[in-house]
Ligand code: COI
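Heads up, the chain below is alone and in the form predicted on its own; it's given as structure tokens.
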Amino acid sequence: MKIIAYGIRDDEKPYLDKWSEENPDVEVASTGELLDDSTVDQAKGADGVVTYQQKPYTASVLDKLGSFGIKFLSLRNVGVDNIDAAAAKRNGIQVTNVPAYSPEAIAEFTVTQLMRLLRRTNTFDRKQANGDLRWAPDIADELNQMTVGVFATGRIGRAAMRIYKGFGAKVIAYDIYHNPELEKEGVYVDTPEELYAQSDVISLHAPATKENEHMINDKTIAQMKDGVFILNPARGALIDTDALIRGLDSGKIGGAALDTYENEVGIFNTDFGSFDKIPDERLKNLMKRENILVSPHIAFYTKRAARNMVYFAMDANKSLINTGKSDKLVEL
């Protein structure tokens, strides 16, 4: 049995080596390169492929895997929206993901960024760097006095809700699928419009779907409270960046923490050498603002999560090869 793992980062390599030691019946090949037309030939002779990337899994790549007889593709992340579903089905490729490598990691980071926004730490850091140690006029808000609206109550959304409640915030939620325990607590509102109207903070935890694309736009921003804070650790496509900038310019939006960005592929996790060389003017516009916190898709990035991403994906791929089954199969 042979599995090839693509896009292996330096921080993942020790966990991949450890998994390989624990599974001597599997030949493991790996590369730091992503899976695309220029690297797909490396998979020839493998029984399965394990990968993680934000760039698309194109029809040509999936067709090539199919021609090699590879029917098993295991992602080390949650999202499958970058897979050409028609091509995967055409080639009989089964796909697994890692639905929960560490919901708590993402939830903790999201709330951390909110606290930084509320306590104006970005502003104070900039002031202090220039020798200004005055308090005023940058007085803070308190989370315990706020209503947080959580959009989507999957594993990450629920983990975030537990932390928000720990701070004493009132928490409400919207999801088309109601969690039974949360239903008992009575936290759900009936429509996104109600969530927007009642929330001081909007915490986004929804997947990227056609229905959710640009769900934060001029129309929905207008439905929100003045001075609303928007948190997006989920998917960049959820927010219309131009609408966000307009909301910030008008003062309607009080601040935002963005761990994802709709044009992040090829930008995040790249060293451009200097701020001026970042090739995205809208992103730089946001990064310059004191009431915006941009982070390069790092909410997930913990030791526990890196280990789980490797182990869960490798286990799923091995299970598919051995049995044709996995508890992490995804319906495309």
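Numbers follow the displayed sequence, beginning with 1. A quick note: this is a predicted structure, and the numbers were derived from the prediction, not measured.
Absent from the display: the form predicted in complex with 2-OXO-4-methylpentanoic acid. The rest refers to it.
> So the ligand isn't in this model. With 2-OXO-4-methylpentanoic acid brought over in the predicted bound form through superposition of the site C-alphas, is the pocket blocked (at least 3 atoms within 2.4 Å of backbone or C-beta) or open?
Judged against 2-OXO-4-methylpentanoic acid in the predicted bound form, the pocket is open.
> Among the candidate residues Q53, S295, S30, T302, which is the single one with a non-hydrogen atom no more than 4.5 Å from 2-OXO-4-methylpentanoic acid in the predicted bound form?
Comparing distances to 2-OXO-4-methylpentanoic acid in the predicted bound form, the residue within 4.5 Å is Q53.
> Among the candidate residues Q94, N122, N77, N212, which is the single one with a non-hydrogen atom no more than 4.5 Å from 2-OXO-4-methylpentanoic acid in the predicted bound form?
Selected option: N77.
> With the cut-off set at 4.5 Å between non-hydrogen atoms, does Y101 touch 2-OXO-4-methylpentanoic acid in the predicted bound form?
Although 2-OXO-4-methylpentanoic acid is absent here, Y101 would touch it in the predicted bound form, with heavy atoms inside 4.5 Å.
> Any of the heavy atoms of A316 lying within 4.5 Å of 2-OXO-4-methylpentanoic acid in the predicted bound form?
Taking the distances in the predicted bound form, the answer for A316 is no, it never comes within 4.5 Å of 2-OXO-4-methylpentanoic acid.
> Any chance M309 has a heavy atom within 4.5 Å of 2-OXO-4-methylpentanoic acid in the predicted bound form?
Within the cut-off, so yes.
> At 4.5 Å between heavy atoms, is H205 in contact with 2-OXO-4-methylpentanoic acid in the predicted bound form?
H205 lies outside the contact set for 2-OXO-4-methylpentanoic acid.
> Tell me which stretch of 32 to 40, 271 to 279, 58 to 66, 45 to 53 has a heavy atom within 4.5 angstroms of 2-OXO-4-methylpentanoic acid in the predicted bound form.
Result for this chain: 45 to 53.
> Under the 4.5 Å heavy atom criterion, name the residues of 224 to 239 that approach 2-OXO-4-methylpentanoic acid in the predicted bound form, in sequence order.
The one in contact is R235.
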